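Just the one chain here, the form predicted on its own, laid out as structure tokens.
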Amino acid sequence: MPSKAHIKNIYSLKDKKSRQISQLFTIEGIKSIKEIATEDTIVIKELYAVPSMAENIPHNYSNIAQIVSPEEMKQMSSQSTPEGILAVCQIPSHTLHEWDKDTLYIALDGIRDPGNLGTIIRLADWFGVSDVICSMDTVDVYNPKTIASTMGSIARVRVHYVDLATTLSRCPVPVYGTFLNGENVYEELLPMGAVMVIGNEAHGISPAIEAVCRERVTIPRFGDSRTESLNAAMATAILLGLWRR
């Protein structure tokens, strides 16, 4: 049974500073935990479940699992309505390998919404994009809301935080920026290997990143729509579909 102090430490992992100091983060929910448990990219250090969720504990982690009361789970959970199973995981260390001219990458410039980032990671997993490269001011991938939105895809997608302008300026593959005044993406011959840059939800791609984008594309509007822009995750889904076509 975890002590009150330990429960407090687990709850504190909802804050970025605590995650950075401890190099730990939490994952909640049956689907996400089962996905993590089948991969070797993220290590589960601790696992807790309420009695009704005991049967959902992954067999390969049953030796470290602890049964806690619903009240204890509520105290350690970052969710308003806990799902009843929670894992404390080690933050993995990822290295951005040498660029591959035949590989598609996603670069995120100042994405602030945790749900958007999580959904983009899930999309990357679906479309076979292994590396998501983030600017330093992009929301923390280990934010509980981001982790929840990935639905377990965080186990298969490597997320990197870098000086994005410098990194992209040295990139040997084409860098495509998404802009409202870019070329119609439906009419472009898109290469297999590229970096696809998605900008901030409100302000788009920053001037520093715009300067290193070698190509500019846009998803055109049709009809009489007055919508100013697309949600970052929605735009990512459309563009990934076009790229993989």
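Note that residue numbering follows the sequence shown and begins at 1. No experiment lies behind these values; they were computed from the predicted model shown.
Below, we refer to the form predicted in complex with another copy of the chain, which is not included among the displayed structures.
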query	finding
Option touching another copy of the chain, based on a heavy atom within 4.5 Å in the predicted complex, out of S78, S153, T103, T167	S153
All of R19, S135 and A194 within 4.5 Å of another copy of the chain in the predicted complex, heavy atom check	no
Segment assignment from 63 to 71, 50 to 58, 35 to 43, 204 to 212: heavy atom within 4.5 Å of another copy of the chain in the predicted complex	35 to 43
Exercise: G128 in contact with another copy of the chain in the predicted complex, heavy atom 4.5 Å	yes
4.5 Å heavy atom contact, I238 and another copy of the chain in the predicted complex	yes
Non-hydrogen atom contact L86 with another copy of the chain in the predicted complex at 4.5 angstroms	no
Partner proximity in the predicted complex: L190 to another copy of the chain, non-hydrogen atom cutoff 4.5 Å	no
Sequence-ordered residues of 167 to 181 touching another copy of the chain in the predicted complex, heavy atom within 4.5 Å	none
